[in-house]
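Before any questions on binding or motion, here is one chain by itself as C-alpha cells, the form predicted on its own.
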C-alpha cells in the first residue's frame, strides 16, 4: 500500500456470524469485537492489506478496498 492510499474495510453484518477469526488473525489490531461479538473496524489506518481477515473469513463477510 502506498503512502497516499487509504483502505476501506467493510463488514457485512448480515453475513458475519461473529466468529472472531478476523480479529484473531489481524496482526495490526484493526478490529475490536463488540460485546455481542460483532467485529468493528476501529483503526483502518493501521491496516497493512495482508488480507488475512478477508481470506480467512468463512462467511465472506469482509471486503477490503484500496482507495487512491
Partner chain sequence: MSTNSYKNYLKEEHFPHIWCPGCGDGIVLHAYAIALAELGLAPKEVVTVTGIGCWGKSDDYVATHALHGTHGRALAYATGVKLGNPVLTVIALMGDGDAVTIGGNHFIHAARRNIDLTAVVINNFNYGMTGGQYSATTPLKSKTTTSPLGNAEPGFDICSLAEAAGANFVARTTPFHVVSLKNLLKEGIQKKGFSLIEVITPCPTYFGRYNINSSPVANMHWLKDKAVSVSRYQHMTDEDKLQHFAIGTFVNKDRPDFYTMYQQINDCKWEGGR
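Positions refer to the first chain, counted from 1. Only a predicted model underlies this, so the values are computations on that prediction, with no experimental measurement involved.
Form predicted together with the partner chain: not shown, discussed below.
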* With the partner absent here, would 8, 11 and 40 each sit within 4.5 Å of the partner chain in the predicted complex, counting heavy atoms only? -> no
Does any heavy atom of residue 44 come within 4.5 Å of a heavy atom of the partner chain in the predicted complex? no
Partner proximity in the predicted complex: residue 48 to the partner chain, non-hydrogen atom cutoff 4.5 Å: no
Taking the partner chain in the predicted complex and a 4.5 Å non-hydrogen atom cutoff, the residues of 12 to 47 making contact are 14, 15, 17, 19, 20, 21, 24, 25
